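Form predicted alone, single chain, as structure tokens, below.
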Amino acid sequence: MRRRRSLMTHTNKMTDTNGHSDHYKPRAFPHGFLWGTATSSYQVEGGNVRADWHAFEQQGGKIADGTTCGRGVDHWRLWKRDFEMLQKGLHNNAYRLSVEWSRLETAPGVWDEEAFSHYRDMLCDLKARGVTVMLTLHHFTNPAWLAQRRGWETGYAMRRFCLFTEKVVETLGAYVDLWITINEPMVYVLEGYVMAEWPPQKKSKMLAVRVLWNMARAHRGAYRVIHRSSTRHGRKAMVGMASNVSSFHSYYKHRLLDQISVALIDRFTNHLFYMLTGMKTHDFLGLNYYFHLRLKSVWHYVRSFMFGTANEQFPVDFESSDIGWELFPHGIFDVCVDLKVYKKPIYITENGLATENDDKRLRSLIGYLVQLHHAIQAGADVRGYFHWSLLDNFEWAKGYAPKFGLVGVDRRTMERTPRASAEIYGLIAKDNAIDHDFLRFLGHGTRHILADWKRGR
């Protein structure tokens, strides 16, 4: 009897005056939280013929679906239409984009002022819409003239990148709120110098180490340049980089050596670039989260990373995206809580999945955002979320087959079609909260729920 009264008392405390449990209240995010989407220049703009990726494609570089980037999804021409959807359809108050180095610097020290003017118009339009701008300076692609001089294998790339950064800050800095120096340097090194599937396709561990070191030097130099130039313009700069982070688990929890190995793998993947650059050159942490790795054997993982062989897994069919990346929403909680040790603001600079099944995208989106909410409650200073991607785009060596966009694109007509996931994400962004009704998207039968919810709203 005493136990029953205790439960009744607890239930009464959890119920508000309207008879609704606190459990059913919206999962509210902190005031000022940034809700955005992300793109990169080469993947959406089209026409970037001066980039090393264009040369790679023209020289027979292997793209899985046989396509080339070509016109992209014509964002260079249709950006106003895309920004209209961003603001009014998705209710985003932030947007992450990149500038294409090869467009802006056509040869060493030769600047294309018309291209600068075009980017200025884009950024000015975003600011007029009240959108916070996160600008990426390097998103995988290099000018062809830099690639011809061995790219990031020499200190020349670092020096040219710092000069490029200075020019961009002087010309466009008045419109930028958050700076990303380099996107996923570890991925750039892995794909270009370990797996050798991306340009420059050189399998060399020695070159991989050299390139990563030069990119770390470039980040440190760009950080100083941005702060120095922004101070002259009377703006307070916030500078970081976008790091590809993964969550790791060993199959064998009882093996102490495996647990220690997983901790070391985490340290030398998720934390390595911060170790090389020093935390004083990061005003915030930009985290791109896609991957959860279940390690049957630590040795198989090391062999995969060092020698480009497949990581052996148990034959379990976990839910995954169309390109085989496991969907594990709890992992975003893991990495945010792990990295809060640096006591820096955190932005999820990319998160999403490639799928033709928008119901799966909806479930995944809600799942990740719920776990992000938990991470904030656990003390992680998460200040924004940028979904990858606003638009279907060119997914590097996989071509156009993977569909990452909240907005679908017909590449024959370039017509944009927002998916149901875009509408749901827009409602969450508008309310700065996940309504409890949306948690039903984690179950089944999602299509009719949106209509029912909107009718009762």
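In this text, residue numbers run from 1 along the sequence as written. Please read all numbers here as calculations on a predicted model, not as lab measurements.
This next part talks about the form predicted together with a small molecule, which is not shown.
Heavy atoms of Phe33 never reach within 4.5 Å of the small molecule in the model of the complex, leaving it off the interface.
Among residues of the shown chain, Asp431 is not one whose heavy atoms approach the small molecule to within 4.5 Å in the model of the complex. Though the partner is left out of this view, Asn288 does reach within 4.5 Å of the small molecule in the model of the complex, counting heavy atoms only. Proximity of Phe404 to the small molecule in the model of the complex falls within the 4.5 Å heavy atom cutoff. Remark: of stretches 85-93, 176-184, 249-257, 336-344, the one touching the small molecule in the model of the complex is 176-184 (heavy atom within 4.5 Å). Of the candidates Trp388, Phe29, Tyr400, Tyr42, Trp388 is the one whose heavy atoms come within 4.5 Å of the small molecule in the model of the complex; the others do not. The partner is absent here; in the model of the complex, the one residue of Tyr223, Phe164, Phe140, Tyr368 having a heavy atom within 4.5 Å of the small molecule is Phe140.
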